[in-house]
Every structure is written in structure tokens, then in C-alpha cells.
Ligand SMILES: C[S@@+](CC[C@H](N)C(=O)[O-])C[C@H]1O[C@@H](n2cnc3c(N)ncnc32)[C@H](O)[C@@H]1O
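Only one chain is included here, represented as C-alpha cells and corresponding to the form predicted on its own.
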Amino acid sequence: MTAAQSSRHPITSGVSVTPGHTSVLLEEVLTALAPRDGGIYVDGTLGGGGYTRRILETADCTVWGIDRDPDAIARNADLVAQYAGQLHLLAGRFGDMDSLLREKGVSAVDGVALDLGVSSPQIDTPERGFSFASDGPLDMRMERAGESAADVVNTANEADLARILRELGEERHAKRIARAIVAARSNGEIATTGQLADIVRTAIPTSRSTHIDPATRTFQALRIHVNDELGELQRGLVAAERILRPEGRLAIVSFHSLEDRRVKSFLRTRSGGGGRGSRHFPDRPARHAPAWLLVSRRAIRPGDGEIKNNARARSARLRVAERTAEPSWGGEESAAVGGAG
């Protein structure tokens, strides 16, 4: 995967994290959550454990780390041992955080951190198939189960492929790429990241004005589709609204406009700041009192120093909101917005 989509990344002095892993906007997220002794916090995208570690270093508190990737759960075993009794890991999706925590007897929490996209260990492991930097199987499944990117590329019809690339990759050459994929697979299965990247590069013109690989948007679109990332984001926002206690904070880092627009629209609409909602999170009747208070109306961005040290941070955006005492609006207004179909 690329800078526009990668997540869970700038190493702060004194912070130990998984090798190859740095957490973007780490101190800004910590400031937003303001961990306190006795508090309960959720790291809904555990990854390499960067946010979790800093929260536990800052306060004598409890953290529930959630990740759908079994590798991430295993990777943080040492951190669990270091913070025995304080850190608890749950295998699952952050969109189910409210039900996962209630199963463990936790009905309310003081803070939720979400870092969208994929983690450095996922990106940097060729066998996971998230990146075309090194050739590997065309997989992209965060949970290592279900439909893979290879399944989509080799079975979806041309129209569906074009729609996925256009809607989830914002790829203006979607039709041309879809046509090239269908033509290429008629000669044999497209099985690796290198094969797909070469097909895309051959299909569309290159521009000297950009350093972004032509295959970038195609890989983004397939990854989002395979993992239903936009649907998961919507469910996660609603779940955070349900589980956060009054004055509890949500800190959410996104890496591309598809995510950030949805976060912005959700929080703006449900904070009563609204104007018109989006087709994903439409306006609600006036009877719904604001469920959120916007801590910052503008997205918080990495500083130049962080971007210099970690190029993957350059597209990151942090949005922070605080839960009010009003009831949750629920999620009935949001038919799934994930995938492309």
C-alpha cells in the first residue's frame, strides 16, 4: 500500500513500538484522549500497539485493544505481559466494539482511538499482498479469511471492476483498467501483486507531474472493497457513539478523502452543526439532540518534522470529538456504505 492509504505510523522519542511500525499523530491523539488514572480506553485498530503503549505509559488505566488481524493480536503478546491486568486484547472488528466490550462486562469507556487503513507490518509483509513494492500473492485480507483481491480481480465482471476502481479508488481510468484486467485474465489467472501492478501500468498513461505509481489507486480500491473498510468505518463511528460515556473522546485518524469525508460528515451532522448531511449520513430530525461536541472543527495534520521522518504521515488527518450526555442516534439511517456494491 501507499502513503495515501497507510496508517498506524512517527516515532516519538522514548516510545518503543513494533519494528517497522510508527504511529502517525501519536502525541496529538494522546492529547485528544487525555488519558487519566482509572479510565478505560479502546484502541480499535491495535496494529503495532503504538497508541496503546503511549496510553498505558501516560496513565494507570485500562486499555482494550481490538484488531481484526490475528497477526496483530499475536504481535502484542509481550505488551500484554508488560501491562498485565491493564491491557486486554480482543480479536474482532472495531465496528463491533460496543458489543465486544459489553460481552466482557464493559458498558462505557472514556476514550476511543481509531487509526484507519492498514498497518506498517501488513504493508511491509509481501505475503499479505497489500503492496506492490514487493511481489506477493494478491490477497489483501485483513482477517486472512473470505474473498481475496485475487478472487475479485479474476471473477468480477468488467462493469463491477470499473465501479470498484472508480468509487473506492477515485480512479479516472477505471474503465480502461477494468478492460485490461479482463483481457489479461483470459490468458491465465492474475495471482500476484506484481502481475496486477504491471497490467495497470500498461493500461494507463503515466504522468511526469506525479511520483505516484499508476497502480496506487487500483490497489487502494481493491483493499477497501475486500475489507469493506467504509462500511466498517460507519459501523465503528456508530459503535463509538454508543460506548463512549459523556465527555468521552473519539480520536480518529484517516489517510484519504473517502474516509475523512465520512468522518467529517458524521460528526458534523451529529453535533448539530450540520447544514446538509451527505448521502451516507443524511440530516436527522430536530428531535435528535447533538450526540457530539466537536473539539476541533478542522482536521489536525502532521507537522513538517513528522512528515520528514515518516513520509507515510503526509496524508494523515485527525478529527476529535467529545461525547455529550444525549442518547445515541443509533445507526438505522446508514445503510452500508462500504465496498462498492
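Residue positions are given as counts along the sequence shown, with the first one as 1. Only a predicted model underlies this, so the values are computations on that prediction, with no experimental measurement involved.
Missing here is the form predicted together with the named molecule; even so, the following discussion is about that form.
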item	value
Contact test, all of Gly129, Ala149 and Thr193, partner the named molecule in the predicted bound form, heavy atom 4.5 Å	no
One residue of Val63, Leu46, Ala316, Leu33 in contact with the named molecule, assessed in the predicted bound form (non-hydrogen atom, 4.5 angstroms)	Leu46
The named molecule: the contacting residue among Leu244, Val200, Met142, Val263 in the predicted bound form [heavy atom, 4.5 Å]	Met142
Gly117, heavy atom within 4.5 angstroms of the named molecule in the predicted bound form	yes
Any non-hydrogen atom of Glu232 within 4.5 angstroms of the named molecule in the predicted bound form	yes
Non-hydrogen atom contact Pro214 with the named molecule in the predicted bound form at 4.5 angstroms	no
Contact test in the predicted bound form: Glu306 vs the named molecule, heavy atoms, 4.5 Å	no
Which of 118 to 126, 177 to 185, 80 to 88, 162 to 170 lines the interface with the named molecule in the predicted bound form (heavy atom within 4.5 Å)	118 to 126
Stretch 53 to 78: residues contacting the named molecule in the predicted bound form, 4.5 Å heavy atom cut-off	Ile66, Asp67, Arg68, Asp69, Ala72
